[in-house]
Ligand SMILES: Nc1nc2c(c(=O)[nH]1)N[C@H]1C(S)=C(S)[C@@H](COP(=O)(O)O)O[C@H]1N2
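A lone chain, given as C-alpha coordinates: the form predicted alone.
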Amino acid sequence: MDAQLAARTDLVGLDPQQMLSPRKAGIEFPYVEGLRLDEAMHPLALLTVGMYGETLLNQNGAPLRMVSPWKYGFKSIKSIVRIRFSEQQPPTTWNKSWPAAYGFYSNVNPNHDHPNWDRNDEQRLGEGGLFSAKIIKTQMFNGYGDQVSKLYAGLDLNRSY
(Lines give C-alpha, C1' and ligand atoms only; values in the text may rest on other atoms or scores of the structure.)
Protein backbone atom coordinates (compact mmCIF):
# COMPACT_ATOMS: atom_id res chain seq x y z
CA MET A 1 0.00 0.00 0.00
CA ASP A 2 1.16 3.56 -0.68
CA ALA A 3 2.58 5.56 2.19
CA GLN A 4 -0.11 7.24 4.27
CA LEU A 5 -0.34 10.81 5.46
CA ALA A 6 -1.95 11.15 8.86
CA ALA A 7 -2.85 14.43 10.50
CA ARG A 8 -3.34 14.28 14.24
CA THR A 9 -4.70 16.89 16.55
CA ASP A 10 -3.05 17.38 19.92
CA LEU A 11 -5.51 17.94 22.76
CA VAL A 12 -3.03 18.38 25.59
CA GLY A 13 -4.36 21.02 27.94
CA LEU A 14 -7.95 20.43 26.81
CA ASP A 15 -10.13 23.25 28.15
CA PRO A 16 -13.52 21.78 29.19
CA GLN A 17 -15.07 25.26 28.90
CA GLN A 18 -14.31 25.25 25.17
CA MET A 19 -14.52 21.61 24.14
CA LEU A 20 -16.42 18.46 25.04
CA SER A 21 -14.67 15.66 26.85
CA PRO A 22 -13.97 12.53 24.75
CA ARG A 23 -16.80 10.75 26.60
CA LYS A 24 -19.32 13.51 25.85
CA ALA A 25 -18.05 13.94 22.28
CA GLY A 26 -18.53 10.22 21.66
CA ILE A 27 -15.18 9.84 19.91
CA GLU A 28 -11.68 8.94 20.99
CA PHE A 29 -9.12 11.73 21.39
CA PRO A 30 -6.74 12.77 19.99
CA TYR A 31 -8.60 13.14 16.69
CA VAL A 32 -6.70 11.38 13.89
CA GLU A 33 -7.40 11.57 10.17
CA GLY A 34 -5.49 10.15 7.22
CA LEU A 35 -5.03 10.34 3.48
CA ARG A 36 -3.01 8.33 1.03
CA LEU A 37 0.10 10.16 -0.11
CA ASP A 38 -1.22 10.55 -3.68
CA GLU A 39 -4.44 12.09 -2.29
CA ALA A 40 -2.53 14.50 -0.05
CA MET A 41 -0.30 15.57 -2.94
CA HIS A 42 -3.18 16.14 -5.39
CA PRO A 43 -3.45 19.79 -6.54
CA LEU A 44 -6.97 20.02 -5.06
CA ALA A 45 -5.68 19.03 -1.59
CA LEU A 46 -4.71 22.21 0.18
CA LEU A 47 -2.89 22.99 3.39
CA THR A 48 -4.66 26.21 4.28
CA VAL A 49 -3.70 29.08 6.57
CA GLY A 50 -6.46 31.46 5.50
CA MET A 51 -10.07 31.64 4.43
CA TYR A 52 -12.03 34.35 2.60
CA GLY A 53 -8.91 36.48 2.31
CA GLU A 54 -8.21 36.44 6.05
CA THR A 55 -6.00 34.44 8.40
CA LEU A 56 -7.80 31.35 9.72
CA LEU A 57 -9.77 31.87 12.90
CA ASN A 58 -9.61 29.22 15.64
CA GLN A 59 -13.09 27.94 14.77
CA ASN A 60 -11.99 27.44 11.16
CA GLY A 61 -8.91 25.42 12.11
CA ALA A 62 -6.16 27.94 12.85
CA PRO A 63 -3.29 27.87 12.43
CA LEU A 64 -3.34 25.21 9.68
CA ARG A 65 -6.00 22.96 8.18
CA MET A 66 -6.26 20.45 5.35
CA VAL A 67 -8.92 20.88 2.67
CA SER A 68 -9.83 17.93 0.43
CA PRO A 69 -13.01 19.05 -1.38
CA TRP A 70 -13.89 15.72 -3.01
CA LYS A 71 -14.21 14.02 0.38
CA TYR A 72 -16.76 14.33 3.16
CA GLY A 73 -16.10 17.28 5.48
CA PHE A 74 -14.51 15.41 8.37
CA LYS A 75 -11.57 14.49 6.10
CA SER A 76 -10.70 18.22 5.89
CA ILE A 77 -9.06 18.10 9.28
CA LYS A 78 -8.76 21.25 11.38
CA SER A 79 -5.89 22.44 13.56
CA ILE A 80 -3.11 20.19 12.33
CA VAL A 81 -0.32 19.91 14.87
CA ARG A 82 1.56 16.94 13.47
CA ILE A 83 1.88 15.12 10.15
CA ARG A 84 3.14 11.58 10.28
CA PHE A 85 3.98 9.28 7.36
CA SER A 86 3.45 5.54 7.64
CA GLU A 87 3.55 2.57 5.30
CA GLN A 88 0.26 1.19 6.64
CA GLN A 89 -3.20 2.73 6.48
CA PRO A 90 -3.60 4.58 9.77
CA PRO A 91 -6.65 3.99 11.96
CA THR A 92 -8.74 7.16 11.83
CA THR A 93 -11.07 8.51 14.49
CA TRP A 94 -14.38 8.12 12.65
CA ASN A 95 -13.41 4.84 11.00
CA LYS A 96 -12.62 3.38 14.45
CA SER A 97 -15.80 4.84 15.98
CA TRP A 98 -18.23 3.53 13.36
CA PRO A 99 -16.56 1.64 10.48
CA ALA A 100 -19.89 0.74 8.82
CA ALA A 101 -20.61 4.44 8.32
CA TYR A 102 -17.18 6.04 7.91
CA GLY A 103 -14.62 4.38 5.70
CA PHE A 104 -11.00 5.37 5.38
CA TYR A 105 -11.44 6.98 1.95
CA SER A 106 -14.70 8.86 2.67
CA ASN A 107 -15.04 10.18 -0.86
CA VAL A 108 -18.34 11.89 -1.60
CA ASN A 109 -20.22 8.98 -3.16
CA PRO A 110 -23.99 9.05 -3.73
CA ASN A 111 -23.87 5.31 -4.53
CA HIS A 112 -22.73 4.31 -1.03
CA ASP A 113 -25.30 5.14 1.62
CA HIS A 114 -24.62 5.90 5.26
CA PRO A 115 -26.29 3.22 7.46
CA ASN A 116 -28.85 5.77 8.67
CA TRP A 117 -29.60 7.78 5.49
CA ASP A 118 -29.02 7.84 1.77
CA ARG A 119 -26.54 10.19 0.16
CA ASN A 120 -28.42 10.74 -3.10
CA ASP A 121 -29.48 14.33 -2.40
CA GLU A 122 -28.04 17.25 -0.49
CA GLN A 123 -28.91 20.77 0.52
CA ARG A 124 -26.37 23.49 -0.17
CA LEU A 125 -26.06 25.98 2.66
CA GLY A 126 -26.64 29.54 1.55
CA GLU A 127 -28.76 28.61 -1.47
CA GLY A 128 -32.47 29.39 -1.04
CA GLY A 129 -32.52 30.38 2.62
CA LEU A 130 -32.37 28.53 5.90
CA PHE A 131 -35.67 26.64 5.60
CA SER A 132 -36.00 26.48 1.84
CA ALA A 133 -32.52 25.44 0.74
CA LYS A 134 -32.42 23.99 -2.74
CA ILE A 135 -32.13 20.18 -2.84
CA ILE A 136 -29.72 18.93 -5.48
CA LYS A 137 -28.40 15.53 -6.56
CA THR A 138 -25.14 14.62 -4.84
CA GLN A 139 -22.32 14.43 -7.37
CA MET A 140 -19.66 11.74 -7.24
CA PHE A 141 -16.47 13.14 -5.69
CA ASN A 142 -18.43 16.35 -4.95
CA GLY A 143 -18.23 17.25 -8.65
CA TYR A 144 -14.45 16.82 -8.92
CA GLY A 145 -14.60 13.37 -10.54
CA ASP A 146 -12.85 14.46 -13.73
CA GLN A 147 -9.89 15.57 -11.60
CA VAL A 148 -9.65 12.88 -8.90
CA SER A 149 -11.30 9.67 -10.14
CA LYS A 150 -7.98 8.37 -11.49
CA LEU A 151 -6.73 8.20 -7.88
CA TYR A 152 -9.22 5.38 -7.30
CA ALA A 153 -8.95 3.47 -10.59
CA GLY A 154 -9.56 -0.23 -9.96
CA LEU A 155 -10.89 0.35 -6.44
CA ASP A 156 -14.41 -0.82 -5.55
CA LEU A 157 -15.77 2.38 -4.03
CA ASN A 158 -18.62 0.53 -2.32
CA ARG A 159 -16.20 -1.74 -0.46
CA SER A 160 -13.50 0.91 -0.07
CA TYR A 161 -15.69 3.81 0.94
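All residue numbers refer to positions in the sequence shown, first residue = 1. Small disclaimer: the values here were computed from a predicted structure and weren't measured.
As for the form predicted together with the named molecule, it is not shown, yet the points below apply to it.
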- [ ] Look up in the predicted bound form whether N116 has a non-hydrogen atom within 4.5 angstroms of the named molecule, and give yes or no.
- [x] no
Task: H42, heavy atom within 4.5 angstroms of the named molecule in the predicted bound form - done: no
Task: Partner proximity in the predicted bound form: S132 to the named molecule, non-hydrogen atom cutoff 4.5 Å - done: no
Open item on the list: Test of understanding: in the predicted bound form, would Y105 fall inside 4.5 Å of the named molecule by heavy atoms?
Closed with: no
Open item on the list: Please pick out the stretch from 24 to 32, 132 to 140, 118 to 126, 105 to 113 that is in contact with the named molecule in the predicted bound form, where contact means heavy atoms within 4.5 Å.
Closed with: 24 to 32
Open item on the list: Under the 4.5 Å heavy atom criterion, name the residues of 53 to 85 that approach the named molecule in the predicted bound form, in sequence order.
Closed with: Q59, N60, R65, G73, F74, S76, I77, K78
